[in-house]
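Quick heads-up: it's one chain on its own, the form predicted alone, in structure tokens.
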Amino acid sequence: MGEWTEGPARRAALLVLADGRFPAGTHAHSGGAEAAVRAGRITGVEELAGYCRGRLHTAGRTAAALAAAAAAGVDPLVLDEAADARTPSPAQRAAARRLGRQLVRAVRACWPSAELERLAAARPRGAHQPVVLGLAARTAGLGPADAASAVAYETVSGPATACVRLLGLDPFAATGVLARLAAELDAVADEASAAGLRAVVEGPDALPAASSPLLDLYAERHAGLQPRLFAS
């Protein structure tokens, strides 16, 4: 596995991997939206759109590039260390590893591979989720652009669906937010894919390190929220 393919099977694999119903545990995480709602930063569709755009161009850009690099064949353990260095919040790092551990379980059932098992053995408490997703994409025959697209979309779809539950937003309006971000999603995925390919030659320093201090603060605040609806 690991060869990039073309055709219907490839497209179908990407749909499976990016499907919100894929049993990887992402439905239990709000991407920081729950803390933002509690802080009064998201009160409606307009604020949700701004939140998603900010997350896409910061943490989303970094995560998409990590996934692209993993799909391109960069050592996932090196990428896991790079993800740690790019994630200042301990709560975010813990959530990313929990999601990575859950994703390994789901991927084993779909696209088992020796590469995935080596990563799971080296990181028994979980590797960062974007790195696992990129490796899953590689195993499924997908390329860096596919992995970057899946992660970029997940970066915004999680907060959007969470806000439907948190604020009772109209689900059609929340989905409209995602549709209007389509061009930006593609642009971020393209940039992330290019960075992932550069990392094959230049190493993880070629990957972006965009972050948002406010997202880091939300992650830390959310860890102390009780009660709460989402795990992060």
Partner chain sequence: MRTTAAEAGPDAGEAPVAAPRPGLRAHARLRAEAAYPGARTVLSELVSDGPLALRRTRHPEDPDAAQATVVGAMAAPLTGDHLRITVRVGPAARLRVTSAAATVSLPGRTGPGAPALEPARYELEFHIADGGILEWLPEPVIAAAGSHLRQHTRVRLAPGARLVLREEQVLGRATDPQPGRLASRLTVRRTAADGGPGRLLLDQETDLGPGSPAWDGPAVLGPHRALGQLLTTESPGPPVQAAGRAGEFAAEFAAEATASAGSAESADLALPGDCGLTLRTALAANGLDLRRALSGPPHMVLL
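Not measured: the values here are computed from a predicted model. Numbering follows the first chain given and starts at 1.
This next part talks about the form predicted together with its partner chain, which is not shown.
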{"query": "Partner-proximal stretch of 129 to 137, 104 to 112, 82 to 90, 144 to 152 relative to its partner chain in the predicted complex, 4.5 angstroms, heavy atom", "finding": "82 to 90"}
{"query": "Distance check, G25 to its partner chain in the predicted complex, heavy atom within 4.5 Å", "finding": "no"}
{"query": "Contact of A209 with its partner chain in the predicted complex (heavy atom, 4.5 Å)", "finding": "yes"}
{"query": "Its partner chain contact in the predicted complex: R10, any heavy atom under 4.5 Å", "finding": "no"}
{"query": "T58, heavy atom within 4.5 angstroms of its partner chain in the predicted complex", "finding": "yes"}
{"query": "Those residues of 205 to 219 which, in the predicted complex, come within 4.5 Å of its partner chain by heavy atom", "finding": "D205, L207, P208, A209, A210, S211, S212, P213, L214, L215, D216, L217, Y218"}
